[in-house]
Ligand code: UD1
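Take a look at this one chain, the form predicted alone, written out in structure tokens.
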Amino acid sequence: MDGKVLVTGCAGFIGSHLVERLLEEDHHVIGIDNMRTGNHSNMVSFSSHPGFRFIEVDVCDPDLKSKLSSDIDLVFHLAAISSVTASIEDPILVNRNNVTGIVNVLDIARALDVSRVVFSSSAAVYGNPEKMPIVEETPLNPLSPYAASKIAGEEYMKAFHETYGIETTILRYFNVYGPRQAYSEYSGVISIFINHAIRGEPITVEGDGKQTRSFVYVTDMAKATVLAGKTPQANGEVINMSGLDLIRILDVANKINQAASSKGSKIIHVDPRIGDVRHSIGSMEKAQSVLGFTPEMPFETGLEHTINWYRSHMQ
């Protein structure tokens, strides 16, 4: 990386941890975010860092290139609406942010002669595959507009790679958790469960709770994402970013209830969510062979860190 690094979605959950990692490695970072779901508090640890510059702008802005410096060498594109539920409620909005956004970023990368673009895609693109763990060659089967938007983003990445020779790497994130994950009805399940447990509110499990997920801690994900930007062998690759173990959602609820709730919250079941996948764990063989990456944070330890963070940031 000879020039500056651009991180879109820098004020978000994963984006802010990625910026921290890049600054720790002495890179100069330009971060952009429209603050729709991003939060200034996520950037407190680095907002005044001499190697960081923040621009509040929408990734879809047609004038975005004029707001950036010309010496950008590497782009990490994380800006997106990352919610299945939101995509079902408003597929047009999600398409604008997730598809128009990446086309705009790729076109800017082409114009600025950026060396590589790393795109944060999602395990949602796989749908409900029959075989576990999921390998990168598994056929794609979008079960929601959100998943379809990520597939479209991947296809644009491949098209710009073939048409313009831009180096591209696609990372399919599985279930990321950790400090700074926003708490709302659109949040990840761990964030929702923790906040309900701390407040003594019922923990709501969608469906029977026997659906399974593999969770990966956010600092592990930031490390892997940086590796995807600097590893020569990652050019043109699609790589899973998953945890190593499967855990049932009901077991996650019970672990959080025991660790975060002083009196014990009631666990209740509601109807399954439309577009939800039943089981999800990715093969990490390619991540290990191409990037030399294996997640390090044990789930229980990461859960403890996350609970403590939410306790200290409760309003």
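Residues carry their position along the shown sequence, with the first being 1. Nothing here was measured: the structure is a model prediction, and the numbers come from that model.
In what follows, reference is made to the form predicted together with this ligand, a form of this protein that is not presented.
Original post:
Exactly one stretch in 61-69, 25-33, 270-278, 286-294 has heavy atoms within 4.5 Å of this ligand in the predicted complex; which is it?
Top reply: Residues of 270-278 come within 4.5 Å of the partner.
Subject >> Contact residue in the predicted complex, from Gly178, Gly101, Gly188, Gly243 (heavy atom within 4.5 Å of this ligand) >> reply: Exactly one residue meets the criterion: Gly188.
Original post:
Pick from Val94, Ala228, Ala123, Ile166: which has a non-hydrogen atom within 4.5 Å of this ligand in the predicted complex?
Top reply: Selected residue: Ala123.
**OP:** Give a yes/no on whether Gln211 approaches this ligand to within 4.5 Å in the predicted complex, heavy atoms considered.
**Re:** Within the cut-off, so yes.
Original post:
Even though this ligand is not shown here, does Val216 get within 4.5 Å of it in the predicted complex, heavy atoms only?
Top reply: Residue-level check for Val216: no, no contact with this ligand.
Original post:
Are any of the heavy atoms in Ser82 no more than 4.5 Å from a heavy atom of this ligand in the predicted complex?
Top reply: Answer yes; at least one heavy atom of Ser82 falls within 4.5 Å of this ligand in the predicted complex.
**OP:** Answer for Thr204 alone: is it within 4.5 Å of this ligand in the predicted complex, judged on heavy atom distances?
**Re:** Heavy-atom contact with this ligand at 4.5 Å: present for Thr204.
**OP:** Flag this candidate site as yes only if Phe54, Leu106 and Phe119 all have a heavy atom within 4.5 Å of this ligand in the predicted complex; otherwise mark no.
**Re:** Verified in the predicted complex; spot residues all out of contact, no.
**OP:** For the stretch 237-251, return the residues whose heavy atoms include at least one within 4.5 Å of this ligand in the predicted complex, in the order they occur.
**Re:** Only Ile249 sits within 4.5 Å of the partner.
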